[in-house]
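Below, in structure tokens: the form predicted alone, a single chain.
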Amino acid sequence: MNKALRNPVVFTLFVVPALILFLMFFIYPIFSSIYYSFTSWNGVSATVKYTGFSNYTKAFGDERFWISVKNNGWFILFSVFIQVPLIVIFSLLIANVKKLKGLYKTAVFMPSIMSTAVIGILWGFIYEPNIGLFNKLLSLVGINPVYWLSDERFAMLSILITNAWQWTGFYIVMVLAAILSIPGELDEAAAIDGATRFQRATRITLPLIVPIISVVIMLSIAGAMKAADIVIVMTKGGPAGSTEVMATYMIKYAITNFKYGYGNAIAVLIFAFTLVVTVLYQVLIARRTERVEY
């Protein structure tokens, strides 16, 4: 096999199909979006009018666009500072379970394989003002019903909680795999030396799984920047645009309002913002997490 791969013809036959698919479904759409972002086009007609940077000027001057950027920021902050710590805590707890560990792993992973539409509808019932679970619990302590998805004060938080519930289990399985790959002799030696379970978790386990935590943070940031489906299902960007994110803002203009050129400008800005955030994270934080050998 190695000898065959050294043959340029065989090597080319393996590489070219993947390269063609990469060009068709990644490189071409990027450059196509960049091109159309400088035009005024409805996505249907044969007439494409060049408008320069007018779409970008319009976006930067649109208050709704900056609200969507802010909401993507809330997704990132919630994922990094609330979801990721919970992922680590639950992973440590499940790793220390002696019985039915497989059941717990399956249970936390189940929401990740469910359709976002199903999850949005399910949590819509939980947030329902009159019969929803949350308001039923609040009524037990004398608190009036909260309009979770129709009140600007709570709608964004409600979506963040739902989104975290869907994807937390996926990341728990990743972190749990890293924890279970740590040699048991390290934990046993620390226990013999008198270290408590908390000390072993914070001084042995956590430092050894920092690389996978870094990967989880990176994936969470990327997921936060492209969040759209859960918002569309639960609030459609409302109330009054308070839960609009950049992706739903783009869809609203490119597809619903037939402003394809402006929608592509938003798509390019999403790509640029995501690239900047991930590069900053890689340079400032991720590169400082050394590869762990044990």
Partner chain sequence: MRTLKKSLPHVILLGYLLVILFPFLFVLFSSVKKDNNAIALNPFGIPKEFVFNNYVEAWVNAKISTYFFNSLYISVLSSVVSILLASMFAFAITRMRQGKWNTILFSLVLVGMLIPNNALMLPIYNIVRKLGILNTHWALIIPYIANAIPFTIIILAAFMRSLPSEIEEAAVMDGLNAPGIFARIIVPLTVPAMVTVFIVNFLGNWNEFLLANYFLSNDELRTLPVGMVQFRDQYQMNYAQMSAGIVYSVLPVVVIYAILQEKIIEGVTAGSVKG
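If you superpose the two forms and keep the largest set of C-alpha atoms that fall within 1.5 Å, you have the rigid core. Worth saying up front: this structure is predicted, and the values here are computed from it rather than measured. Numbering follows the first chain given and starts at 1.
In what follows, reference is made to the form predicted together with the partner chain, a form of this protein that is not presented.
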Review point. Asn257, Thr47, Ser32, Thr57: which sits within 4.5 Å of the partner chain in the predicted complex by any heavy atom?
Key: Ser32
Point to revise | Ala178, Val84, Ile76, Ile172 - the one with a heavy atom within 4.5 Å of the partner chain in the predicted complex | key: Ile172
Check your understanding: Do all of Ala201, Ile204 and Leu280 end up near the partner chain in the predicted complex, with near meaning a heavy atom within 4.5 Å?
Key -> no
Check your understanding: Is there any non-hydrogen atom of Trp148 lying within 4.5 Å of the partner chain in the predicted complex?
Key -> no
**Study point:** Contact flag, Ala155 vs the partner chain in the predicted complex, heavy atom cut 4.5 Å
**Key:** no
Point to revise | Met250: touches the partner chain in the predicted complex, heavy atom cutoff 4.5 angstroms | key: yes
Practice item. Answer with yes or no whether Phe26 is in contact with the partner chain in the predicted complex, where contact means some heavy atom within 4.5 Å. Key: yes
**Study point:** the partner chain in the predicted complex - contacting residues of 91-111, heavy atom within 4.5 Å
**Key:** Leu93, Ile94, Val97, Lys99, Leu100, Leu103, Tyr104, Lys105, Thr106, Ala107, Val108, Phe109, Met110, Pro111
**Study point:** Core-aligned C-alpha movement of Leu280 between this form and the one not shown, 2 Å or more
**Key:** no
